[in-house]
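A single chain, nothing else alongside it, follows as structure tokens in the form predicted on its own.
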Amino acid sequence: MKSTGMTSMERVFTALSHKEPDRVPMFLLLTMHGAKELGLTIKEYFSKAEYVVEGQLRLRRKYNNDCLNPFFYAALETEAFGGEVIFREDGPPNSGLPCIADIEMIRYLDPPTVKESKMLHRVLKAIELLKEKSRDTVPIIGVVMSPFSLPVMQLGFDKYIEVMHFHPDLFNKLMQVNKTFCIEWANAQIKAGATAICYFDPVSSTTIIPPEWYHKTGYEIARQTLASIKGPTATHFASGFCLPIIDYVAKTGTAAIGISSMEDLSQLKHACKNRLTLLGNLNGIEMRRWSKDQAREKVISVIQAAAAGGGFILSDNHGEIPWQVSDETLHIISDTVMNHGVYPLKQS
């Protein structure tokens, strides 16, 4: 059954208001699957904004998705800093060699401008076209890498940890450069028509740094950055743990939080109640191997654990569903939401 009581925009904003819409909103964050729909390689698909727009529109019709996702790939931002991108046939494009080869280069680093970054223009064009075609009936989700997490691609993990712990002057300079870029990039997407910005911040997760480090670093950087973004935001930890830092995340001003499938969903729901909307938390890696019954059971389980009272959007736990997840599994996820995610929820 397909719910027709609300538009996707109304459904999502009702859930974000911690109220129950007509059914559970569903964000299938599909990036590369659009290439399959158009019969293109991943590299070809991301070469033109029009391809991404057509892919997103087809995927929304196919799976009753409640968002449009003009995200291309994370390495796009380091590409704007002069870094290389490595394309694969069956996975997301990744950063090549770090664009900051020596940490001393940070002293002379300037942020790229959106106006001069042609690779960013493709994303903005995709957002503009999606805005035109969707007519405000479905949220368009822009994406930025947090200033605190981007250095993993800029420097490599080992050098970034060195800078973070032993070179406070270089760390502060890098954060200032990255904040300037992040704010400009986020606001350019909002101006182009994005409804909200997803702020990806995996390094802030307690999977990577202890909570006390988050309080001193990722939290302060997020608080300052999000305050300058001219639209609503969701913070995503890309499958990293976040339960121990929920209270601080709520203070950053973000509206929603991308959560790990490895943490207790009921505890997360209780901790976030009336403060943060949960976004998650289907395991995208396991999703590649799910049987029909497993897919159905997983969706029903997360709905029952977190959907009551609103404040929940069903999605994967990482923010990007792997290329290898089959159409059949995606259809089952969608059909299960349509049949078991209708409010008032039925307990099974």
Partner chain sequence: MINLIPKNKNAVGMADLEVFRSDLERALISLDRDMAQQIINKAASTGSPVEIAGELISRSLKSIGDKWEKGTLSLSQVYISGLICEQIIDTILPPSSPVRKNQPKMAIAVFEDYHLLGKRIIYSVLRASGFELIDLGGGQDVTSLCEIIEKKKIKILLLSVLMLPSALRIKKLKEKLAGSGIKIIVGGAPFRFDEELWKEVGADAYGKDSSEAIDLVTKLMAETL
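Since the structure is predicted, the reported quantities are computational estimates derived from the model, not experimental observations. Positions refer to the first chain, counted from 1.
From this point on, the text means the form predicted in complex with its partner chain, which you will not see here.
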item: Answer range among 58-66, 33-41, 314-322, 295-303 for contact with its partner chain, defined in the predicted complex as heavy atoms within 4.5 Å; value: 314-322
item: 4.5 Å heavy atom contact with its partner chain in the predicted complex for all of Tyr73, Phe81 and Glu328; value: no
item: Partner proximity in the predicted complex: Gly193 to its partner chain, non-hydrogen atom cutoff 4.5 Å; value: no
item: Residue contact check: Arg88 to its partner chain in the predicted complex, 4.5 Å heavy atom; value: yes
item: 4.5 Å heavy atom contact, Pro111 and its partner chain in the predicted complex; value: no
item: 4.5 Å heavy atom contact, Pro92 and its partner chain in the predicted complex; value: yes
item: Contact residue in the predicted complex, chosen from Ile161, Ile103, Met119, Ala255 - any heavy atom within 4.5 Å of its partner chain; value: Ile161
item: Contact residue in the predicted complex, from Ile183, Leu243, Ile209, Met175 (heavy atom within 4.5 Å of its partner chain); value: Ile209
item: Within 4.5 Å of its partner chain in the predicted complex: residues from 229-250 (heavy atom criterion); value: Ser239
